[in-house]
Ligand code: FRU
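The chain below stands alone and is given in structure tokens; this is the form predicted alone.
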């Protein structure tokens, strides 16, 4: 198949004529058609928020990567734009992989991405290589630089992998030059982040290795973000194949935040934190908002737990709700962007008590909602030993949130969501700052087949894809012991 931008745009335009919102999330971005994974080029340009994404329009399985494109005025409601990049050149014919975007001093927007191609090694054998490329545009149409790639395998330091060299993030440096950080690994698959700089976005020089794994945090490091916030330098990235780092990091692919207190010079890690403790969140990108704040969005999926929604084969893939991020002390906290509140419909407030039982209410049910739940022990009573919420209940299916105040853990369990068993169906985390007294606050966003749970104002977050048919709308609350519950429920 010939992969050209014209062909991709023609195909998606035809598919989008009959686009249906049925069986789609209502307030999360999905591709109009085809496959979506990592967010790319998350940016603010010409008065709009732009989000590009890894994209294969012709099937709901991963294929040769294009860049899809959507824009928004509020980070909640998105409009599709034509595909931005296609793998139509010698240096990217195997795929246009992830990358970033920046507004240049002349007003153009530059996309920086990884071009994947096959070349010959010194023995004449086929070898896949990854190199960094750029394209320039006006927010709709982008033209690839005629002399791509701009960072080639020959620019790599000794020992760095030519195969695993991808996902550039691009930014303006304090000295006015452009900088980029690229995910990499050495010959032993040990993750590292490599830094480059440029005066024009085209001619790049290697600066050095910003941070190296040294066998302590998985292997290949993907999709880096590098920024300053509240006096800290911050790295957000996605290591592959983490092992034996529980309870903070489960085995497999994860999302990580590492901070450094020094404003410049060597990056000396101070804190290390998992960004999402659920089954499905990967490859986030961080946006610099016009007011200086930061917003993060991720792919609401994980290569370790990849599952297809067989009920709707027009598209596959969902982005998380964009999340405002900030630091409380050394802890990165996340909360849904405030703009989502404008999409709430109605309000139901309930207060009730639990005593070794379950509670349901017909006014609280559904699969598209924004719900806050606060639970505490009954005054003067022994602390309850467990609190649970059943979600997407129906037809013998249910997805559970289970809080253990003694262990200070929250577990998301989708083992009964009606889909085939996978490598894992549940994950737990220790709640940061939990006093173990039974006081807990949850904000739960459900959007059809997605769940995002923000704990105690976002100090922990757990996200999951749920495969239960959307007709299963039941919600219930349970406790082992006596507990007081307050809920605020909005349909979306």
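Small disclaimer: the values here were computed from a predicted structure and weren't measured. Numbering follows the first chain given and starts at 1.
Keep in mind that the form predicted in complex with the named molecule is not shown, yet the notes after this line are about it.
4.5 angstroms heavy atom contact with the named molecule in the predicted bound form for residue 450: No - in the predicted bound form, heavy atoms of residue 450 and the named molecule never come within 4.5 Å of each other.
Partner contact for residue 282 in the predicted bound form: the named molecule, 4.5 angstroms, heavy atom: So residue 282 counts as contacting the named molecule.
4.5 Å heavy atom contact, residue 267 and the named molecule in the predicted bound form: Contact with the named molecule, no.
Exercise: residue 169 in contact with the named molecule in the predicted bound form, heavy atom 4.5 Å: Residue 169: no, not in contact with the named molecule in the predicted bound form.
Proximity to the named molecule in the predicted bound form (heavy atom, within 4.5 Å), stretch among 461 to 469, 440 to 448, 32 to 40, 426 to 434: Result for this chain: 32 to 40.
Three-residue site 62, 65 and 222 fully in contact with the named molecule in the predicted bound form at 4.5 Å by heavy atom: Answer is yes for this spot.
One residue of 98, 132, 320, 184 in contact with the named molecule, assessed in the predicted bound form (non-hydrogen atom, 4.5 angstroms): Going through each option in turn, the one that passes is 98.
Of 136, 327, 343, 303, the one that lies within 4.5 Å of the named molecule in the predicted bound form (heavy atoms): Here the answer is residue option 303.
Residues within 4.5 Å of the named molecule in the predicted bound form, restricted to 40 to 61 and counted by heavy atom: Going through 40 to 61 in order - heavy atoms within 4.5 Å of the named molecule in the predicted bound form - there is one hit, 54.
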